[in-house]
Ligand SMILES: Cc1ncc(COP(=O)(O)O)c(C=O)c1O
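Before any questions on binding or motion, here is one chain by itself as structure tokens, the form predicted alone.
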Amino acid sequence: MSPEYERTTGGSERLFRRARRVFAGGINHNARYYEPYPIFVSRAKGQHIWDEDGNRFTDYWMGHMALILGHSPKAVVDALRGQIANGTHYGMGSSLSVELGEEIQKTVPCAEMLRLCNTGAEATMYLVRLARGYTGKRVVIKMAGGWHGYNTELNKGVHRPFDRAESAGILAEEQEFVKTVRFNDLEAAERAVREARGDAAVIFLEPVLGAGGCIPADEGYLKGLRELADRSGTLLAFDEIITGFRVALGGAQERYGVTPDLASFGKIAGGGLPLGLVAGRKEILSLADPSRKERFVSIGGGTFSENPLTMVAGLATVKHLRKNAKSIYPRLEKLGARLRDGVDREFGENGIEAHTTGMGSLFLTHFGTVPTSPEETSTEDKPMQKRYALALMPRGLFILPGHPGGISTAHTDADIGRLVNESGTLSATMRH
């Protein structure tokens, strides 16, 4: 616990007590809970958030890493302001959704066709349904530590021991055909495909694990999976809900030079509003065409899919990223490298082994040996990781304890320097 944290966040503590009388656990997303209680945010702008006590934080959580342009960027705010008087929900398509889809087609290598929905969890659910419908096979091979939202089938093998459902209320038979294998281990994937005996529908993974430790795929791993999928008649699918439009304009598939058959997206593509989508090869996505008479794959999309507010916010964001990609991504790359190297150096100089993983503008600091898969995080000092994040908050820096962080275009060189310097200050006290 941090007495300084509790001393400066009394308003959040009082609001949390109220919230616990309304919401189970006082929160509405499990990731947002941490002890002794989470902060409650009153407003946000640029790289900053303000809590109920008026404390200002440089934010590195950035709305679950969804806000690559920062909080309330002008391009998005202007687009929303112009749309809201024309309607917030049509319940039908519009030119806005077509424009957003076209922008994504131009940007994402695998996006020959796509379908919009409301959340990442919906997108991953639909992706699995499409993979099975197209191949006629049942087995989904996912990675240990891989997080694909709260949908029932994929809510397996996220935390140790990686071989069971993540929740009560999920039946074993609902996950019978989901096989979990070690990330960054090509032989494990090959073995799982062999053991499926011709029944593997899809190999599905995050190219950079999110909840599993912000761990990037090793060089050659994704290419190896692509070759394995092609040899075995299995589809390859990427969950790019975190990496999409962040590690490169076209996502991890552009950065690694490996094009999957299917991919799920969300977060950044919604411009700060709820969005999910599944994209991929035309012949696969075409199975969701309701005019089909045979082999139809039902994808509802949700009541609020294509809602015009999300469409204009996503369109403003993706257009801005495409227009300014040559300046945005190299700058984010440089800031991310400076953060990762600087934090590790500061801790190392005070005798603490720290390894900040990530790629581009993504990062997560681990205390212990550098992990290349979630299994290797078993020896790291998790309490120190959370203590570090909690100690940064009274210093005006917000990293959600135990979770990856993201840098936005609103962050400055001075912001990164301050995080590095504060890490050095804290490392001298955390050693004792």
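Note that residue numbering follows the sequence shown and begins at 1. Since the model is a prediction, treat every value here as computed from it, not as a measurement.
Heads up, the form predicted in complex with this ligand isn't pictured, but that's what we're talking about next.
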item	value
Of M143, V140, M311, I242, the one that lies within 4.5 Å of this ligand in the predicted bound form (heavy atoms)	I242
Position in contact with this ligand when the complex is considered in the predicted bound form, options Y126, F347, F183, W147, heavy atoms within 4.5 Å	W147
is_contact(A196, this ligand) in the predicted bound form, heavy atom dist at most 4.5 Å	no
Close approach of A121 to this ligand in the predicted bound form, 4.5 Å, heavy atom	yes
In the predicted bound form, K267 touching this ligand (heavy atom, 4.5 Å)	yes
Segment assignment from 335-343, 67-75, 174-182, 148-156: heavy atom within 4.5 Å of this ligand in the predicted bound form	148-156
Members of 203-217 lying within 4.5 angstroms of this ligand, judged by heavy atom, in the predicted bound form	E206
